[in-house]
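This document starts with one chain, in the form predicted alone, laid out as structure tokens.
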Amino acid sequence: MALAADGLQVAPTRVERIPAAYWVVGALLLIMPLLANDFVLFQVFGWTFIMGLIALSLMFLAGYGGMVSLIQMTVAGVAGYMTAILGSSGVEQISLGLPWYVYIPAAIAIATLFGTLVGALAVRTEGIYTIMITLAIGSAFYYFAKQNYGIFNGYTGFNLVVPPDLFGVDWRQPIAFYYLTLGCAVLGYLAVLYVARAPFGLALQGVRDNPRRMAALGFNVTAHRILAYSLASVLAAVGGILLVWQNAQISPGTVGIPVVIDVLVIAVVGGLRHPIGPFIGALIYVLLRTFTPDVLAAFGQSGERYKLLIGLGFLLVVFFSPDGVLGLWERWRARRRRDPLKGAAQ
């Protein structure tokens, strides 16, 4: 028996059949190194999986918990900085050079603790106030990292931050890094799906829909929300470590306000109703960010105008579908179900 959001016991539902499209996409992702070059594997797909993982942490908070947080990129940045500080980098006078089995868990733990503490403050507010608190803390961390040279090396940051050589594999090579980021993205996706259907996830969704009723049923609303921040911080922390490995460096610009907003755009454009949404939004964002400057330059326009295109695309998606690209897809499927003959003719 499972516990529903209203406190009633319901019979366990039948295991959902995995759509055929998922198998096709999974097979394509597995054989992608045979189809794409190193640039696409490392820069496009690697970056997509990383940004999707960070945006997934925001989707978990907003979609299942009803809490829009702008701290997720900052949590990722904390994990990235801890990787550079506790591990090895080109700034030897600051980096401690600890082994990977020490600094990787420590970076995730410190970033998760940071996200949990921020969550403990943010959950006591609602709506725009939650957004402002998380944005203010993210801004404070950006300026602190930029001005602190003893720990964060100021504006310069850290360079030569690369993944450890495990099992004789150079994990920064395109194929190896592709499978590393793909594996982390799949694990994060499955973890969110599992938690969403577990008793905690169902209770969190109940807290999102009616916190007063959940409190009356005996659920600790504040504890559920803080724990949601902790779980989301783990996802963001893993994404932050992968991001610093991909760039081989980290600086205050990594956690700047524009990047914080980018994560929000990715999550909203992809859709906040399903864990696959952030990865769809991340792919759209990375494709625009990677190729639009070259296209604009070919027409004699400034490459920086890609930001305008991303902003216009964000407005169009939100205007026509508040649920993002996934909402457009679901509307199209619903229209086909209502009029199957017309859908078949098309």
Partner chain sequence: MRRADAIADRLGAVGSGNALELRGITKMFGALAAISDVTLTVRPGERRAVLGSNGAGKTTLFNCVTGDFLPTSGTIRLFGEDVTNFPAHERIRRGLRRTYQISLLFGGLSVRDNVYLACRGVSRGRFSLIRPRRGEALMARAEELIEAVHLGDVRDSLVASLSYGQQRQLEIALALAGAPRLILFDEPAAGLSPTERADLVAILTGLPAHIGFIIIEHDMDVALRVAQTVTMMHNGRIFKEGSPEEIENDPEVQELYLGDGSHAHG
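What you see is a predicted model; the values in this text were computed from it and never measured. Numbering follows the first chain given and starts at 1.
One more form of this protein exists, namely the form predicted in complex with its partner chain; it is left out here, but the text below deals with it.
Though its partner chain is absent from this view, in the predicted bound form it lies within 4.5 Å of a heavy atom of just one residue from 100, 171, 155, 200, which is 200.
This chain lacks the partner; the member of 137, 176, 234, 195 within 4.5 angstroms of its partner chain in the predicted bound form by a non-hydrogen atom is 195. Highlighted residues 210, 219 and 223: every one comes within 4.5 Å of its partner chain in the predicted bound form, counting any heavy atom. Not displayed here, its partner chain is approached by residue 205 to within 4.5 Å at the level of heavy atoms in the predicted bound form.
Although the partner is absent here, residue 96 is not a contact residue: none of its heavy atoms lies within 4.5 angstroms of its partner chain in the predicted bound form.
Using a 4.5 angstroms threshold between heavy atoms, residue 106 stays clear of its partner chain in the predicted bound form. Interface membership of residue 260, defined by any non-hydrogen atom within 4.5 Å of its partner chain in the predicted bound form, is ruled out.
Residues placing heavy atoms within 4.5 Å of its partner chain in the predicted bound form fall in a single listed stretch, namely 224-232, out of 268-276, 224-232, 114-122, 176-184.
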